[in-house]
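Structure 1 and structure 2, given next as structure tokens, are two forms of the same protein chain, each shown alone.
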Structure 1
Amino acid sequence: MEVVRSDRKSSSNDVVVSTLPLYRSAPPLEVRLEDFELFAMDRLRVLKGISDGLSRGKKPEEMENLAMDLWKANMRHLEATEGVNKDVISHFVLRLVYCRTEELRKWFLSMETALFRYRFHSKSSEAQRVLMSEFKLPYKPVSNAEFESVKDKLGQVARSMGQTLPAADAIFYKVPFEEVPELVAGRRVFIHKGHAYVAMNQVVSLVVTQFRSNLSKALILTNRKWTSTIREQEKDRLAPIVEALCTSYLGPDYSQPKEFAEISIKDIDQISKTSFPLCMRYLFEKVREDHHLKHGGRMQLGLFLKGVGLKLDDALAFWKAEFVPKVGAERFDKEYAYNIRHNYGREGKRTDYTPYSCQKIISSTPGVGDHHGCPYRHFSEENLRAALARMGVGSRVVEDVMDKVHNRHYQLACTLTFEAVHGSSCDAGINHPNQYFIDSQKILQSKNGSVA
């Protein structure tokens, strides 16, 4: 990509600007086996920290600070070259770790892309331009004549985001809208006849899209290599490390009910009151009340119930009993039963779907008529207070919960609710509705046990 209009400091071209590695190819470095694992662990701490930050709904600026702090704490090295080596090595080790299933790839791809975004953003504009040219993006800045013709619209977009009008010599790139999905989604660009006008301070989106698509392709290739050769060749050396690294960190997915396997329909009312987190309790009450739930709600509650241990037959019976008064048995069998079997992997792709995590629920976007989502995030304050009161949370704790909510720490708010309802602490925090359920059942059973 050529940037024509800003040749102010061409003299500084001689100075080497510190940029970021693009991880194009694996480094020809010798790595000690301990470093192999240690570096990867350090990078994982950064990625996991980013993942937690995102799931708490932190704002972009806060995320950037968080990511840079995590980076400094875990990845910085006294020697600059050593630091770069560690960066590159740890990335490639984790590629191996996270290439092996679609789920793992997806997580790694999101987190590495987020990390790259924050690091790119923190670089000087000089370094940013160098990086852009390394990506070889084929876009040219819009000409002066074209700029004049769309200036008003560009100004309107800038002002709609609370920014000042673009200066007369501002650089904009005209790119197919498909290249900047996040800017399109946020209505942060002017789009005309299929082209988005991207401002200089938004090119991070262009670069990130590129980074993401390169990494996505690379992960597929790595996976192929892993299954075809590496796993066998390294079965005594690297393979055990690689396999341990991913399970130790991602946590369980709760797709198979474990400790308290199997609940039956008759218990479900009771259990929903004692051990469901607010999001599920609310959905459960709603389906009882309305005899209906829209798709998002059915998915969120249905998969949760599967994780809790409701068998397919019971699930079908449960949903049918609820829905029939409203939609009739015929329509239920026709329109809804399929999806329930689908969730249990009995239809379609036959994947056994995993229950939604807090992160997924918090980042969902419920619309009109929807009841799913995270109550701490999606309820109005008034409704949340009322819901907490119904759960028996005392007024002082409610204030603490609201405080967390105002700071957008939704999982911490849920954790506080858990602690208040169960009268015991939850040190690990709530990360998954099914974890809430399991922890709750553990506490209740130990209480029952001590009474008996």
Structure 2
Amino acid sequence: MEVVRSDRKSSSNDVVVSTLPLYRSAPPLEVRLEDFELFAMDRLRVLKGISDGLSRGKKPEEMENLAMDLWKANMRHLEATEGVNKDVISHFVLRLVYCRTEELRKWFLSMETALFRYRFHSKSSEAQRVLMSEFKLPYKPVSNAEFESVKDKLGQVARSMGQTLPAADAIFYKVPFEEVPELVAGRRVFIHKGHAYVAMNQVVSLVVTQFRSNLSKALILTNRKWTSTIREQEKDRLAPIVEALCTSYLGPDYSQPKEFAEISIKDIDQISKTSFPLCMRYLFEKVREDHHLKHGGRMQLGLFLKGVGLKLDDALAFWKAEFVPKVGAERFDKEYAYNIRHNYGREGKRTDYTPYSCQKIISSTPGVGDHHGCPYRHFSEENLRAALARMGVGSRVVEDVMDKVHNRHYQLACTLTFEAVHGSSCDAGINHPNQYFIDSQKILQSKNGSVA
């Protein structure tokens, strides 16, 4: 797969269209640099949607519907061949993105395996059999004579799961039991002499195990190639894109306030208590308390305040009022005012900087004396519990939040906090501090008849 500049066209002549790619080798395609990134981001929306659904405890049938809806919304193409190309290209781009650390590999492996499961399960029985043959699995259907000898046992397993008894023409495969661990763990399969009898409607477990094994090995090999050659060769072109993609924010742009025109300095204290997420509320409290924040904290809070509607003049007045008691007016004007104007696009390259997303905040690495970052990831358990209690989160919800934190679902932990504080569900989940603010203000407006 060769990545080319935008003035060259992508080619799709050599790709074989399949109902469900197995991603055994990179496609012989020329891919435009723009497509390299855009295709990957579309697939990432699917994987992150699946991750969120699984973390929220959705049922298997709900997850399959969710995965198919996400796929249609982000990955479908009017031309079948182009759709397959996008599928294959996006997988291999993300394989490169997520091969780089053990944590990234683990997440990608789990989400791609889940996606493959849902897509396989949605296929017809005939398509599933074709896909099984593509894996070259060495299993043949159980003979009629053997089926009759174990039919009663298979019926007992079916009854225990509330399913209909296997028909006389039902297809079963006999496989080593260790190759279908999830069926064994769920007691959803009959085992005899070290072999599991897997029904046709359960072969997804067999195929998924093989898919996961193949992808796991491929990720290790990709990591070796990335480390040994690709990273250095592509340090000025692809490497920056690859390294940024896993923390990409995929939602709405919050660089300019849309829902609520502006907030004033006189309202900011009250609004911070009602509508700031914990990460911004903590920074706001620290600047009020210490009359100073290091660069990372100033950027995180300053861009958030810009996004919720604090105008440049008010921002300068706010930061100056807070910093002057510690650094003095002259030093503030010399060392800090420029950066505030810079964030608003009034200095330097005139770039209009955007507020940080949850993913960017979570992936930051605060040092000693820093207060930025995500409290759900960076606070000690004791400090996080105390902070949640100050926000009015009840003890039962605090335990649910801590459970999400322990499993590294930091955005879901924030979502649970939002729901507890506002007494309202947030099905979309919290993906951006400015989204938290807007959703909070909407709820308060509907309750009070005016923005709090």
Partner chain sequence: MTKEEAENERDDMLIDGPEETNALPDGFNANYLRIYYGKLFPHADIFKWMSYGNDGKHPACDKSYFGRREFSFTLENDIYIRFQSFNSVSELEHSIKEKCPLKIDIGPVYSVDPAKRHAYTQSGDNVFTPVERELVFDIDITDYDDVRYCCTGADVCLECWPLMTVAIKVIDTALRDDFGFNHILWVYSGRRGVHCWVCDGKARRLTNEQRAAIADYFRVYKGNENSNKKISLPGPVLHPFLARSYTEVLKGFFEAKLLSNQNLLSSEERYEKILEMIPDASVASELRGRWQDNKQSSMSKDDINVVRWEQLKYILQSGKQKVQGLRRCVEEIIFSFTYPRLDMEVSKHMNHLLKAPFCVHPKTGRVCVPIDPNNCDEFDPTTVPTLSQLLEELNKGGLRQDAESEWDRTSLGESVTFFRSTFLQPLLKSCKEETESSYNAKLQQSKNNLSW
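Given the structure is predicted, the values throughout are model-derived calculations rather than measurements. For the two forms, the rigid core is made up of the largest set of C-alpha atoms that agree within 1.5 Å on superposition. Numbers given to residues start at 1 and step along the sequence of structure 1.
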query	finding
Number assigned to the form predicted alone in this pair	2
Yes/no, D427 Cα shift of 2 Å or more between structures 1 and 2 with rigid core fixed	yes
Core-aligned C-alpha movement of A315 between structures 1 and 2 reaching 2 Å	yes
Q156 C-alpha shift between structures 1 and 2 of 2 Å or more, rigid core reference	no
Core-aligned CA shift between structures 1 and 2 for L416 (Å)	5.6
